[in-house]
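Starting off, we have a lone chain in the form predicted on its own, written out as structure tokens.
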């Protein structure tokens, strides 16, 4: 009907399959590193946003507003093309000895996603009754210890659903790293299309892999959430 002969063997075997497999490995590596760093940075920014020290709170507010309201692609270009002017020379020397494209993508994805994670965590903390903090403080806990042992564990459990969305968004946003030369899945699919002129097969395979990744991440986090709930109930 469409006068097009599909050839799925191109993306299921041979060197082009190996290209896509290599791109998948890079995507998983890029996403995993960025997810961990984005969560840790988002947690720090959330704590700063709730700080009683006005300059710290305003810095966090500016951070959130700036990075949430500028496109990720622009940020990725900035870290790739302009970071050497912003970062100290010693840091640039270290980056020059690594895979700079990969590092720039990690920095951009981490900073961008951390701004959204910070707001999710802050919302989770604000949902915890203030009596929890007051009870912890009256028991002799410092503010930091009360947050660490009483408030944050409850807040993180509440924010698991939005955190899943942020992790999924980061995984999908990692495809933008192809614009700065990171050989992730979308980049490799584009390479397969360029060499074979089989764009439909190449990008269908990439789409299915992204779908599988998203479902896998959702399943893992939901499993963790279920285990936490069972532990809370003493099952």
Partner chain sequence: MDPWLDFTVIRNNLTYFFIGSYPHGNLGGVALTLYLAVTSCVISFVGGLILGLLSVSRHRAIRYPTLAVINTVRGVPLLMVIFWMYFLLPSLLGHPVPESRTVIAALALFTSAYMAEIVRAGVEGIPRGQTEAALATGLRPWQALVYVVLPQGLRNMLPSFVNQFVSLIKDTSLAYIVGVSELTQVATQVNNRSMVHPTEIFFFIAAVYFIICFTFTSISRRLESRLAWRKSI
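Predicted, not measured: the structure shown is a model, and the values here were computed from it. Numbering follows the first chain given and starts at 1.
Not pictured, yet referred to below: the form predicted together with its partner chain.
- Proximity of residue 161 to its partner chain in the predicted bound form falls outside the 4.5 Å heavy atom cutoff.
- Within this chain, residue 211 lines the site of its partner chain in the predicted bound form, having a heavy atom no more than 4.5 Å away.
- Using a 4.5 Å cutoff between non-hydrogen atoms, residue 57 does not count as a contact of its partner chain in the predicted bound form.
- When contacts are judged by a 4.5 Å heavy atom cut-off, residue 178 counts as touching its partner chain in the predicted bound form.
- Contact annotation for 5-43: no residue has a non-hydrogen atom within 4.5 angstroms of its partner chain in the predicted bound form.
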